[in-house]
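In the block that follows, a single chain appears as structure tokens, in the form predicted on its own.
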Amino acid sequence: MDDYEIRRNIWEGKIPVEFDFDTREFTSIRSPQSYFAMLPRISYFPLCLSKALKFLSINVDEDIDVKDVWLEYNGQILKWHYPIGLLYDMYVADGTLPWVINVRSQNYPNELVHPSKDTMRHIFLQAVKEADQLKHKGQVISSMTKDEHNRLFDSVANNKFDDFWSVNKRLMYDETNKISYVPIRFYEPGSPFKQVLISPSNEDDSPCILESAIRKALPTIDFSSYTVISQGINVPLNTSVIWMARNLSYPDNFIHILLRKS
């Protein structure tokens, strides 16, 4: 049911990113330079941005902090609390690399929280708690210590696969090896995500597959017009959602499914 190599490869997936200051807003730039980095798909921009800003700040007459900027790609605001891989899959339909991202400092969007590390820790852990509420009625996460909660977040921030799974394995399996509902969210670019209750099995005890889960969220969908993507992978519609939960979930314990029009 679970596959170590797939989980490891998913964790180690990276996206080459080029950060550029918006020259309309950083008017004191002396010699514009880009910052290039390979960023983990499973991480979040606020956890990866400090080095980029330190480098870019060399060419401006001010220190730039993460809390003072926001990111934009092709006119789209990049949400701090969405995983980097999900954002790339949502907005870079043609697979262009490196992903060139604009760093902005003015007109901070109202819908973005200021991304301190403590704020990101809170947002991340709230998502993990919500996922466990769906899977185990919150019983597993509530039995964990504060140190274990922090280790989940810190292992993502520090890109430590083994540290993460030493704790996260408890959220994947309880004593009965059963879950109530599969934590899964469905995204279409430009629209709020959809989330409905998805059971891991059908009434006849056969495994629930991805096609059925999507139809429950989007009853009128025409699959011939969409590509279904998770973790940068075109996922077959006959894939078991419980297998996906244990192998393709992001660290927040949700499966994030992108539905992109073909």
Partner chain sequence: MKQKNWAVEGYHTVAWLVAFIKKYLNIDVDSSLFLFVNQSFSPSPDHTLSSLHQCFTTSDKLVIHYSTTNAWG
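All figures in this text were calculated on a predicted structure; none of them were measured in a lab. Positions refer to the first chain, counted from 1.
Another form exists, predicted together with the partner chain; not displayed. Remarks below refer to it.
Chemist: Which residue, Arg215, Lys67, Lys51, Lys194, has a heavy atom that falls within 4.5 Å of the partner chain in the predicted bound form?
Modeler: Spelling it out, the residue with a heavy atom inside the cut-off is Lys194.
Chemist: Among the candidate residues Lys169, Lys129, Lys178, Lys160, which is the single one with a non-hydrogen atom no more than 4.5 Å from the partner chain in the predicted bound form?
Modeler: Here the answer is residue option Lys129.
Chemist: At the 4.5 Å heavy atom threshold, is His136 in contact with the partner chain in the predicted bound form?
Modeler: No.
Chemist: Using 4.5 Å between non-hydrogen atoms, is Tyr82 touching the partner chain in the predicted bound form?
Modeler: Tyr82 belongs to the contact set for the partner chain.
Chemist: Although the partner chain is absent from this view, report whether Val113 comes within 4.5 Å of it in the predicted bound form, heavy atoms only.
Modeler: It does: once the partner chain is placed as it appears in the predicted bound form, Val113 has a heavy atom within 4.5 Å of it.
Chemist: Since only the chain is shown here, I'm wondering whether Arg185 would be in contact with the partner chain in the predicted bound form (any heavy atom pair within 4.5 Å).
Modeler: Residue-level check for Arg185: yes, a contact with the partner chain.
Chemist: Only one of these stretches, 42-50, 194-202, 207-215, 224-232, has heavy atoms within 4.5 Å of the partner chain in the predicted bound form; which one is it?
Modeler: So the stretch in question is 194-202.
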